[in-house]
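Before any questions on how it binds or moves, here is one chain, the form predicted alone, in structure tokens.
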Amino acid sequence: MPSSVFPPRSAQAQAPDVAAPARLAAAIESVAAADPDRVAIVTAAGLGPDRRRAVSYGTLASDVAVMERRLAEAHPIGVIARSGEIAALVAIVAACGRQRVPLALVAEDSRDLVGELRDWSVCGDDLAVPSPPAQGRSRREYDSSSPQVVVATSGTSGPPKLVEHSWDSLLAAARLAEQWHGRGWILVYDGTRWAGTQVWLQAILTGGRLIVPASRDPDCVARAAADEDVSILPATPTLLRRVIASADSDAVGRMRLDRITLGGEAADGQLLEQARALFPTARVTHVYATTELGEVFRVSDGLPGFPAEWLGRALPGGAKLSTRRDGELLVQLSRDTAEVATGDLVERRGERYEFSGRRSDTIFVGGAKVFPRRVEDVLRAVPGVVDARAYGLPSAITGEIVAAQIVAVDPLPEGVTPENLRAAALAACRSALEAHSVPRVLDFTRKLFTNPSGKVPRRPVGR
């Protein structure tokens, strides 16, 4: 085997000297050399010991080696990772990084976008590397350029699109200090999306265990976290809210979380208080990140939004925040980059800026703006309401009207009926909101629909 395929790697002491593209493969190789039987990935977690499947670092290192050999033989222009198994995905990404092969992580619902990468080879769970198309090109040298990593956006505010990153930006948020080593991380995001890649990269780079529950069902997630000794839970606020409200109480009681990292959506004050009450020893952090920008900032003071004093200042990572007149958050990653409009709206409340919602989610009722998050916050505060979703419906008279869905506690408290709970919810909205923000349609649902990113869409989907 040519030495360029398997460059010599020493123990972890030299890891900081490894170039960013090769860092994941080097970390896997280092752990496998010291402790090949250490569990790297557990899948189908939460279904009981007989159904869980574990992959060791030794096996993962072998898969990376196989993948590197096949890349060296095929010389693809680039690789599109399309793996259903997270272990295969990790092996493909690690091998492509060390061999400096351009890589695309394309989620299932973004497959139509790969037409832009028509000469690239598609790799799946079998780790096969098809040769470039006959009419296409083949690439012989990778070391002369920095390989790109292409990631598809979630499509929260429009059709998904491909965004190009470097390996440096992909790994920028990884925390490699000793305190992060050997932890148990749970993966409830799609492993091919930005949030998902950040979780499994962090886990594997630090020799930890990546726990993949069999589903996002709250009971399954709680059992997986409890049974597999998960200490770090990265999740959307929607998922955490479901775990708190409806997961099996025994499993939740056995969860021993040190950290909860929320992202993808804004975390409201009520949820942060509930998380502190249920997991008093866990540090709760809210991360603001996008596929295009990567991580911008994180807040760990237990309050929603971010301190008002951050606006106009350079944050620790170098980013600078500002707003448009209408409250849209602007981010400048460094002095050498332009401001980027995020599509997220914020408003000042005392000494904080709190998120109002996405610009694309704004409901226009007769020319007046309605922010769905404000409506949802009011509905969730009603005793007996577990979760809520507000969205706009077309109206021939006002353009749109406000509609909402609520999830009630199950079972309802004695003496409470759906009818009087609905009346209480509407009364709360009339008391706290402007008239045009009060829902004209209010339905009950057993569970709110979530998109593949684990977020609740605020348009009439899945009613």
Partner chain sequence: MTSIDGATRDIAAEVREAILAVYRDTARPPRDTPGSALLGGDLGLDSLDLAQIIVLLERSLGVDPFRDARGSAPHPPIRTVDHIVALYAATLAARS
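Positions refer to the first chain, counted from 1. None of these values were measured; they are calculated from a predicted model.
Omitted from view is the form predicted in complex with the partner chain, to which the following refers.
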> Picking from 51-59, 38-46, 432-440, 407-415, which part of the chain touches the partner chain in the model of the complex when contact means heavy atoms within 4.5 Å?
Replying inline: 432-440
> Pick from L271, I80, V365, V129: which has a non-hydrogen atom within 4.5 Å of the partner chain in the model of the complex?
Replying inline: V365
> Considering L278, A74, V382, L393, which brings a non-hydrogen atom within 4.5 Å of the partner chain in the model of the complex?
Replying inline: L393
>> If we define contact as a non-hydrogen atom of the residue within 4.5 angstroms of the partner, is I397 a contact of the partner chain in the model of the complex?
In response: yes
>> Residue-level contact is defined here as any heavy atom of the residue lying within 4.5 Å of the partner chain in the model of the complex; does A428 satisfy this criterion?
In response: no
> Looking in the model of the complex, any heavy atom of R422 within 4.5 Å of the partner chain?
Replying inline: yes
> Hey, in the model of the complex, does I401 get a heavy atom within 4.5 angstroms of the partner chain?
Replying inline: yes
